[in-house]
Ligand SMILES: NC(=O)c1ccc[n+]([C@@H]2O[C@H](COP(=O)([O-])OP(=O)(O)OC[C@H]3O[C@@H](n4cnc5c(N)ncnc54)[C@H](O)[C@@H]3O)[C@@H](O)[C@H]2O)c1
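Have a look below at one chain only, the form predicted on its own, in structure tokens format.
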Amino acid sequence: MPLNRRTFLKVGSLAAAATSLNVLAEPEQAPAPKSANDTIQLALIGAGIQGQSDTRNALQVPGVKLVAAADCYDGRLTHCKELWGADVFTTRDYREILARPDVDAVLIATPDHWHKQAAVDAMKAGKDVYLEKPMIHVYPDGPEIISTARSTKRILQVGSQRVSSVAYAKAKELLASGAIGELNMVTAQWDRNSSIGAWNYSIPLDASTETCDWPRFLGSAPKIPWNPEQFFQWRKWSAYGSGVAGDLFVHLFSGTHFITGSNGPTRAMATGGIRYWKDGRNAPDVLLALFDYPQGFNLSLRVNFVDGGAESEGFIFTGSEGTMEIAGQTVTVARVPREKEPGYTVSTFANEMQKEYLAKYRQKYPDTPPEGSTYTAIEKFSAPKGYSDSVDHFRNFFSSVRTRKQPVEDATFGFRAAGAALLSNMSAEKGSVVKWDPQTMKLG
């Protein structure tokens, strides 16, 4: 397919690219919320760094109001009131939020080991759910979340915002149009080189069993004595988080699946370890993994928390006729058309054989002068300055809450992304290849 500036920069209908991968027929949905003035009244469950950031983005969507917040640390509840008003209801127990009739939807940004229970409880209480990634902490979480969403007829959007990005929609459109030929490999990375990037989040000076509800935080995790590091830096331990696979690989899987239309890989091979941040954590700070996809391409992923440079996130999609790179909200295509003839290596043959070979070769491939350059100019698409895919992801969610149409990242999509990501942890722990059925979403 010829690629020129006009075809490249034509964004087209980006909304059309935002399609659900749910393998089951879309269920009849429950009615939309009936809040005053058609305002969606939102509650936050888990008011940490991601939860408060998500809330700021959610409230940029018109017609949304925060009415309640739950967290196990009192200081965060106080800050929610400071940010969004003294009338915001706050509690350590999210069940008090779910009992409130004025809450239409909840934003769940708890540690991973609480994702399933909080989401299931919320949907059974009649609330729509925006659930931070990864959707699951362990594999049995996935089927339960999916079945609950279907039986309760609630909207559930998983929070991997790249799938709502205009840049990713453009990449999806370009790949489908044949801009780089036939896809054979995807490489992606999300590297960091800072203490905060390695999850060493600040611990407040008043952290104690008086200000923090340690038993509630632990939930289903092993019961251990109060540990402020594990409370505030929970991603470093597998009892509460899912490591770099659940935190960062899952974004890369979501992007890959959205752009390629794939349901996921069939095999995974991973390795890694704690290479630098030897501070008591049990989650690797370096992880590398390879995946086989049934569509005929391979995926290579890397996270390095000691990469010696600046934070780096991005993709390279390699095809038979070019590459497509995604860096931030910019898509770059470099097209290299296939050669028109196979070429020859005859210099080691006897002179007479060289002449005979070349004569026959030129009968089949006439020596014609090339038409222009073999390489096309690199073309770029960039989202508008100040664009936020996080805000667009919430816009998608709240539209689904109102229309009862499935969002771009429903429970099935979310399980396939998180399930694929957690294969990395399993393979690295076992030291062997692990298998996955992306259609049935079951381990091999």
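Being a predicted model, the structure only gives us computed values, none of them experimental. Residues carry their position along the shown sequence, with the first being 1.
Keep in mind that the form predicted together with the named molecule is not shown, yet the notes after this line are about it.
Checked against the named molecule in the predicted bound form, the residues W277, F89, Y293, F231 give one hit for a heavy atom within 4.5 Å, which is F231. Taking V408, V401, A70, L42 one by one, only a single residue has any non-hydrogen atom within 4.5 Å of the named molecule in the predicted bound form, and it is A70. With the named molecule omitted here, the record of contacts in the predicted bound form names 111-119 of 359-367, 111-119, 344-352, 163-171, defined by a heavy atom within 4.5 Å. For G46, a non-hydrogen atom is located within 4.5 Å of the named molecule in the predicted bound form, even though that partner is not displayed. Residue contact with the named molecule in the predicted bound form: R154 places no heavy atom within 4.5 Å of it.
The named molecule in the predicted bound form is approached by G159, whose closest heavy atom lies within 4.5 angstroms of it. Shown alone here, H137 lies farther than 4.5 Å from the named molecule in the predicted bound form, counting heavy atoms only. Taking a 4.5 Å heavy atom cutoff to the named molecule in the predicted bound form, none of the residues in 385-403 make contact.
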